[in-house]
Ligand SMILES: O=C(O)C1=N[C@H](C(=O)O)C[C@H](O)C1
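Next comes just one chain, in structure tokens: the form predicted alone.
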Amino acid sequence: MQVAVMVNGLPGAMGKEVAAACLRRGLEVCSVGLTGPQVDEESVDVDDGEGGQAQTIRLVKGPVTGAGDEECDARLQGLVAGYRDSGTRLIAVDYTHPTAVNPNGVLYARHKMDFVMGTTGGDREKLLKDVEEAGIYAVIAPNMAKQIVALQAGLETMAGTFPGAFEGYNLRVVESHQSSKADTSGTAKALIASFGTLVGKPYKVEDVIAMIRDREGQLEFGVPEAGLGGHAFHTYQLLSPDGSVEFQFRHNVVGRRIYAEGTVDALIYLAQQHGPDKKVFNMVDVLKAGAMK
């Protein structure tokens, strides 16, 4: 079956990066995409980032609540039906805003539209419930970068095998992202769960994660000036009770291409899923399947 991708979150930088990655990998990009209520543009041009021909995407306002609106619902209904009739599977990619996670999840469920959710935040339990009740397929992950996914999976295995190995140690996490990122890093939230098992106590996000969103703080943290508009710098510190032993885990990324390429890997993986049992996946599932390019 052919696959077409509806990129939702344009004209945002991540949406453009995903569209470029799709075009580089030979995937069809749908000529319509959902955007936020604050966006004034009616369309945006995307290309493969390597000198290829530009494609114009018409922007349609997404739902502010789970109810949607007439234009959005009519557009999706026609698009999904048209692609289905042509033998093409239309899959949405969502890089919008934390406030849009649940309204968009309801929208995809209502139109029986499979999706890859890269947006963090929102009520994740409700999102999973809506997807499962609709019987659609989805990859939902806080991070699409395969190397970071591998680190996350490795720490989960380590925590499961050696719980309490760092008993008594104190955890401190510092994460820096571009100022436009509204919420705490989903990757940091996921990793502190594993660190909590290793230390032997659960952590509250607000107790251990320090967010940096200001320019001066980011430069001091080591972010290059060229990366201020798009980066993800994380440091996880485990310190012994007496301060004599320290372990650090770091992953620093400048730019968005690594996430876009992983998103396309997730898209291709999702397009191959047809079984009746498991329908909701994460990037660890994609990694275990060897579906990363």
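Numbering starts at 1 and runs along the sequence shown. Keep in mind the model is a prediction, meaning the values are calculated, not measured.
Another form, the form predicted together with the named molecule, is not on view; read the next lines as being about it.
Interface residue among Q152, Q218, S185, T197, judged by heavy atoms within 4.5 Å of the named molecule in the predicted complex: S185. The contact residue chosen from Q147, Q178, T88, Q77 relative to the named molecule in the predicted complex is Q178, the criterion being a non-hydrogen atom within 4.5 angstroms. In the predicted complex, the named molecule stays beyond 4.5 Å of every heavy atom belonging to L267.
Here the chain stands alone, but in the predicted complex its contact with the named molecule, taken as any heavy atom within 4.5 Å, falls in 226-234 among 226-234, 24-32, 46-54, 242-250. If you take 111-134 and check each residue for a heavy atom within 4.5 Å of the named molecule in the predicted complex, you get just T120.
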